[in-house]
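The chain below stands alone and is given in structure tokens; this is the form predicted alone.
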């Protein structure tokens, strides 16, 4: 018997990672993970860029160690990339990280001691709950409204717990697909500034908008530049396998994040950094983003049409304006985790909702992903799930 650390001995893999092992079956219709569509991955373009980089005069430097903060070529492009989202930043405000999750991990490493409280939206991104647990923090959920966080509940918990961090995904949230209003964002920033709480704004989906009005990022609304740390990634918009993401925040915070990264992996792979730098520099990003949005909008619409057509009226679901997820609520007496094995037997996968709640509640909810299945498989999978849920409802009503 091994004597594992307290940090990891009671930690299990996330539900998404575990279920992805099952969804490798070719017959499985997966509404589980948030993977981009295979046809949206720019394989030929990346191959062309990588080949040019490795055959160029600076090829050796790309295969050598580099600075932890990120390649200068990439950081220069990221300043412009952030500016296009309304965020003003200098190179000293940016840290390149290996996927958004590493950014979240390093921010927890920079701020969190054992027993500290982190406030999160209820429900929230399940991987962040695992990260918080790794640092032996207490994640406490904040109630929500149609506009975003419940401001009264937020202030009560800020006052009671004095947390160092508030973690939110305010644009096309994972898992709910919800977007906070501008007014809600501004109020959250004001409250957190009053109580000295740093906001981690996780924004992997903000560029994937299919409708509705653009809402400024919280980082853009943070006039002092000291309250919000912005984390965004190219995993959903270019390619997750490159593992290129960034943290943008006050220089003092970014220095600590950089120090934390030095002891983890020294740097992101230089080739991947240069690929993204050239991808941005050559104008490929906006061109392929437009194509990808068309693909995902069609899949979202197909998913919603199938839900409207097949799903029992007792099952509620939202209609997101962007992102990759639809959030569904079953009748309160149903448990999506208990039903999941039956769905998997019928070759359909989803993520049970309780995994996204800090307190383990939400057992009648589930997250559905629409990006990684074509329209035909979406309709077939939704029909199977709808029939399964309808059977459970009928059994209850006849019981």
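Since the structure is predicted, the reported quantities are computational estimates derived from the model, not experimental observations. Positions refer to the first chain, counted from 1.
In what follows, reference is made to the form predicted in complex with another copy of the chain, a form of this protein that is not presented.
Though another copy of the chain is absent from this view, in the predicted complex it lies within 4.5 Å of a heavy atom of just one residue from 286, 308, 90, 226, which is 226. A heavy atom within 4.5 Å of another copy of the chain in the predicted complex is found for one listed residue only; from 141, 269, 312, 216, this is 269. The stretch in contact with another copy of the chain in the predicted complex, judged by heavy atoms within 4.5 Å, is 261-269, chosen from 177-185, 78-86, 261-269, 207-215. Another copy of the chain is not shown here, and in the predicted complex it never comes within 4.5 Å of any heavy atom of residue 335. Within 4.5 Å of some heavy atom of another copy of the chain in the predicted complex lies at least one heavy atom of residue 11. In the predicted complex, another copy of the chain sits within 4.5 Å of a heavy atom of residue 109. Mapping the unseen interface onto this chain, residue 253 counts among the residues with a heavy atom inside 4.5 Å of another copy of the chain in the predicted complex.
Although the partner is absent from the chain shown here, 101, 164 and 242 each have a heavy atom within 4.5 Å of another copy of the chain in the predicted complex. Applying a 4.5 Å heavy atom cutoff to another copy of the chain in the predicted complex picks out no residue from 166-194.
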